[in-house]
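Listed next as structure tokens is one chain, alone, in the form predicted on its own.
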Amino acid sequence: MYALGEALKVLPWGTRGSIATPGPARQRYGGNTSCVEILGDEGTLLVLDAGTGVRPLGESLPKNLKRVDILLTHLHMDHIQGLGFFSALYDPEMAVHIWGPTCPTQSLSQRLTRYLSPPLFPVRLPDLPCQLTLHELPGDVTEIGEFRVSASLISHPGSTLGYRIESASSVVAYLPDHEPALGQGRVPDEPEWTSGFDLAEGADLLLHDCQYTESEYIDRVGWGHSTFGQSLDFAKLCGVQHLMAFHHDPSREDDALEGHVRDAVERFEPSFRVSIGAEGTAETLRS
């Protein structure tokens, strides 16, 4: 559990990108796709994305919880594939709020129903027994319990959001699918030209896309992801305290992942802390 200040706790339940990859070579950092729990001191619970990691998260929910908010960055399958298996959706006493990106052609409900309906899933979105409310973003800054949530569109194919979550003492930025170096090969030096800067500026903890090595990126420009080095550059530009490498490539085994991150840190010598996102890793941070 990551704890920032006195009021913000962050727990990854899934850190992989693209597709779930269980197996012995990925046990240290996990094989589930994107899902992160944020729990406030007053009991407000946010779920960042609903990849396959959201299923075990659902099994851990407090018995007295009456509301949960799911913040979707976008609707690629690796970020919503676990949604239909999230236990809170089947609790008639639970208020579930799903926040996601707006689209000019279809509502969030219409787009989610394409997955939560036959033949892809046996239960239709409108038939879920929970008290379900859908919200489309970006918009005004949103107050959810003790959290102040900001969302902006960022550089990734399709309508994709990044999030900034602020408590009274700490700031977490979540940009799991992000390519701020698109078209340039490197992250711009000017904040006003950099996708996601306003979301991550001064964050205590930044969870950011670190999917590719530099050699892999050459053939994947425009796919919407970053290299380890680009993520370090972005974190430096934004002045963050701690970068958590996230959205690990499904082909990357744990040993290789550690090696690539270590090499990038040795080359860039960042002044901030760098860690590798891992399912269920316990750690305490102070802002």
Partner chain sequence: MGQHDIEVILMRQLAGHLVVPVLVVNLGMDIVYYNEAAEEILGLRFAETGKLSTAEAREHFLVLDADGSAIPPKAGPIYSAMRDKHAHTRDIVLQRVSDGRQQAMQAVAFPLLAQGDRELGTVCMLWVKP
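Since the structure is predicted, the reported quantities are computational estimates derived from the model, not experimental observations. Residue numbers count along the first chain shown, from 1.
The next section is about a form of this same protein that is not shown, the form predicted in complex with the partner chain.
In the predicted bound form, the partner chain stays beyond 4.5 Å of every heavy atom belonging to Pro122. In the predicted bound form, the partner chain lies within 4.5 Å of some heavy atom of Gly183. Contact check for Thr213: every heavy atom lies farther than 4.5 Å from the partner chain in the predicted bound form. Though the partner is left out of this view, Pro118 does not reach within 4.5 Å of the partner chain in the predicted bound form, counting heavy atoms only. Residues of just one listed stretch (126-134, 92-100, 73-81, 189-197) have heavy atoms within 4.5 Å of the partner chain in the predicted bound form: 189-197. Each of Pro104, Ser155 and Ser159 comes within 4.5 Å of the partner chain in the predicted bound form, counting any heavy atom.
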